[in-house]
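In structure tokens, the next block holds one chain alone, the form predicted alone.
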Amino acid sequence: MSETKKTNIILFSGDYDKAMAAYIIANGAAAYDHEVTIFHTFWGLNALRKDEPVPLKKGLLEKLFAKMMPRGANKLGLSKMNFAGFGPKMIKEVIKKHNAVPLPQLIEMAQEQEIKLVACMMTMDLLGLQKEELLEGIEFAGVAAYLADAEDGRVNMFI
């Protein structure tokens, strides 16, 4: 009987290229029979946001955060060469040209491979995000749940 291989990724960054790297690694690990968890915290939560606004009752600060943060994986900027939003358009064109998989589809693939996508509840509270604003099928937990997963992990990454 073989040992269960576990890969755990903390996605802290809200940059398109870094989120894409996290999901490429996660999907690759799942293809190699790893149990994979991606724990989304702070700006990494934006990759899980729905593209369309969800009408919810929020306070002023929560409304401001919601307007300032990118809504969904396709709206994330690049970590380098963002060029006022032109950089992401360029990289998406390169991805398309090379028949690579863009971030929104990598997230769908992760869900199809039963990769556990976890949203940090404490960060959601800090940023004023509510469960209804995130994609379907997301789990919600705190850092203790991540640490429990990471304790048994063969691979643990912070992106």
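Residue numbers run from 1 along the displayed sequence. Not measured: the values here are computed from a predicted model.
What comes next is about the form predicted in complex with another copy of the chain, which does not appear here.
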Work out which of the listed stretches, 110-118, 88-96, 130-138, 48-56, brings a heavy atom within 4.5 angstroms of another copy of the chain in the model of the complex.
88-96
Would E35 sit within 4.5 Å of another copy of the chain in the model of the complex, counting heavy atoms only?
no
S79: heavy atom within 4.5 Å of another copy of the chain in the model of the complex?
yes
Is L103 a contact residue for another copy of the chain in the model of the complex, using a 4.5 Å heavy atom cut-off?
no
If you look in the model of the complex, which residues in 10-43 sit within 4.5 Å of another copy of the chain (heavy atoms)?
I10, F12, D15, D17, K18, M20, A21, I24, I25, G28, A29, Y32, H34, F42, W43
